[in-house]
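We begin with a single chain expressed as structure tokens, specifically the form predicted alone.
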């Protein structure tokens, strides 16, 4: 199978669950310890061998693209003050991967956002999609896991997590046949089913590897509730016409789109840092 060279990151959402913090700061720029969340997503792309990242952004989100550009003023100050370690952290951002940005002019749904990348990604090669609200912390990146399954099967691949029965109404839920402990041959999908009606306990997390043909399916998808074009409709067509697999992720998923998930992600990522972990554990013992 061909290499996955490109990734799409839909980042045009307003971040209303994190207001008022996101009134003037994009939710993707909210810090996880000392990095904005979007940087962790792009680093995941790099770890998986991605060569080009396509950011789908909206108005007032220029700071996301700026974060991955050269910052002459900051770099000059750090160089003159001989702060080499900090200089490397900043200058590395503009060289670790090629990043381009496309504006989604109207909020017409996730399917529409992914479809905005078509002129750059093209219809002839598979690509990854990473939703920036979802951080997945594990020994290997989630995208790397999906790329491996794609290389084995040649199909699109969905990232899956096991969902408690009372929360299935928050996920797109998959029906499928277990191939082994973590791989699934997907046969159907239900978007946010009522509690007690889900076809399995496997829900879609915010990572995908999709064939280029999905762009045609998105273009043919009519607008649904709220006038939005749902990615789920296009995924169902891929699943039924071309086949699709799922991978139950090895890492832990954190939804940084709400305050509780953002706090949990900060704690989890901080505990992975040896220079922070001991002090943080001692601090938390005072409260728990």
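Numbering follows the first chain given and starts at 1. The structure displayed is predicted, hence computed values, not measured ones.
One more form of this protein should be noted, the form predicted together with a small molecule, which is absent from this view; the next part is about it.
Although the partner is absent from the chain shown here, none of 7, 49 and 128 has a heavy atom within 4.5 Å of the small molecule in the model of the complex. Comparing 99-107, 191-199, 209-217, 139-147 against the small molecule in the model of the complex, the single stretch with non-hydrogen atoms within 4.5 angstroms of it is 191-199. Residue contact check for residue 221: none of its heavy atoms lie within 4.5 Å of the small molecule in the model of the complex. Using a 4.5 angstroms limit between non-hydrogen atoms, residue 230 touches the small molecule in the model of the complex. Shown alone here, residue 204 lies within 4.5 Å of the small molecule in the model of the complex, counting heavy atoms only. Residue contact with the small molecule in the model of the complex: residue 253 places a heavy atom within 4.5 Å of it.
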